[in-house]
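Here's a solo chain for you in structure tokens, the form predicted alone.
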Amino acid sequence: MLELRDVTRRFGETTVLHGISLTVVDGSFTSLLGPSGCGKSTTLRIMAGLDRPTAGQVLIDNRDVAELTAAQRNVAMVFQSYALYPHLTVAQNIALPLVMRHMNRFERAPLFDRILPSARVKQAGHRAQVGAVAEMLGITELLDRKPAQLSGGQKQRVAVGRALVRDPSLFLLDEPLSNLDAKLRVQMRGELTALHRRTGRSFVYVTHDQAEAMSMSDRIAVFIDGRIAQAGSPRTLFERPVSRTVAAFIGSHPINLLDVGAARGELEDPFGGFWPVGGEVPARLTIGIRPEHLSVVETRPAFAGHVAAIEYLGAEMLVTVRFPGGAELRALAPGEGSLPAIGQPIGLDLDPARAHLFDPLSGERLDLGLERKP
């Protein structure tokens, strides 16, 4: 188990991490999710031993390893750029951690590596390990090629193989799929998830792509401005975001966020058909509704407006509905059938249990819900 306790990292006058605390459970797949510059890659480098915290502790199995190198921690890191050596073959790239760990400088030296019996024995063992990893990743036929002869997906598999051959206790992956095209990213997501299941090892995965994090992870830590805004399962983050910021960052389609008045418990339009329940109601609320939770209806709509825009996405479409007064909501609708015309009247309905209510000033989640008026 890896644990960060109140980890702070400063670069001069700039504080990049503000007291980060996070636990990575053995065998879990944990994603560090957030926009560029939020501190997630710095956190990964501190986990790896490539950077040291200004304050706080880094624990592996309850042992403080803040002063240990990556090799001493037995962790493996896969970089965004793959970091393959262009003059080495695929087999040599994968075997490199074994060579550096098990062979002394004489056994690694040219010519000596061929005539020393100990070197030949170790090389035979390395070839067997490389072959097993290559078969697992489906790259056996690539072992004699150089990196320049590989596609992006093949390079990524080689980089993963080099990490895997070390048999580390922890895999750290820094946006490893960002250089791939969309189709290959989806394929590699599945392969990394399957690899995680086969190895049973802990994976920590840095990404700015919430679809990657949601589809692959047991647990996600959302980073905002050098702090963990929320950590939990993908379902918890989607269904119970602790703040407006987390709600806006999680989800395949951006959440609708509308600031409305709530004087004496009466909501302004377009939410006039609902009222807030569950506690003291402030004068104003921010109501969040995901497009997936709004449905287009023809009778007894909760919201009635006009079509302002349509984004056709194939199997589905996003319909922007504008209401009197200028407020807008985006709803997800099936893509089959005829598309509604711009300006056409349209009705939407909502399961009020799916609404999220936030404080408009602090952005924090309120312990309130919506009920439909009778």
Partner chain sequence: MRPLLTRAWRETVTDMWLAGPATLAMLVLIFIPVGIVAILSVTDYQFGARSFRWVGVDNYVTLFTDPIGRRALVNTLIYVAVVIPFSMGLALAVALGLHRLAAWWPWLSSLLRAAYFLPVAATLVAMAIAWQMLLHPNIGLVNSTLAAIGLPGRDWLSDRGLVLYTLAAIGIWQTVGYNMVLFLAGLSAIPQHLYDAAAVDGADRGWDRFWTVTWPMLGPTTLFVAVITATNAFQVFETVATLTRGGPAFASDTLVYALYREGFVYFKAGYASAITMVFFVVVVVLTLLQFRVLERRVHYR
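Positions refer to the first chain, counted from 1. Just so it is clear, the model here is predicted, and its values are computed rather than measured.
Same protein, other form: the form predicted in complex with its partner chain, not shown, and the subject of what follows.
- By the 4.5 Å heavy atom rule, the three marked residues Y85, L96 and R162 all count as contacting its partner chain in the predicted complex.
- None of I60, A70, L332, A66 but one reaches within 4.5 angstroms of its partner chain in the predicted complex through a heavy atom, and that residue is A70.
- Put simply, of I255, L267, M77, L192 only one has a heavy atom within 4.5 Å of its partner chain in the predicted complex, and it is M77.
- Proximity of S81 to its partner chain in the predicted complex: non-hydrogen atoms within 4.5 Å are present.
- Of the heavy atoms in A211, none are within 4.5 Å of its partner chain in the predicted complex.
- Looking at L50, you'd find a heavy atom of it within 4.5 angstroms of its partner chain in the predicted complex.
- Its partner chain is not drawn, but in the predicted complex it has a heavy atom within 4.5 Å of R166.
- Residues with any non-hydrogen atom within 4.5 angstroms of its partner chain in the predicted complex fall in just one of 301 to 309, 42 to 50, 332 to 340, 24 to 32: 42 to 50.
- Along 137 to 152, a non-hydrogen atom within 4.5 Å of its partner chain in the predicted complex is carried by K146, A148, in order along the sequence.
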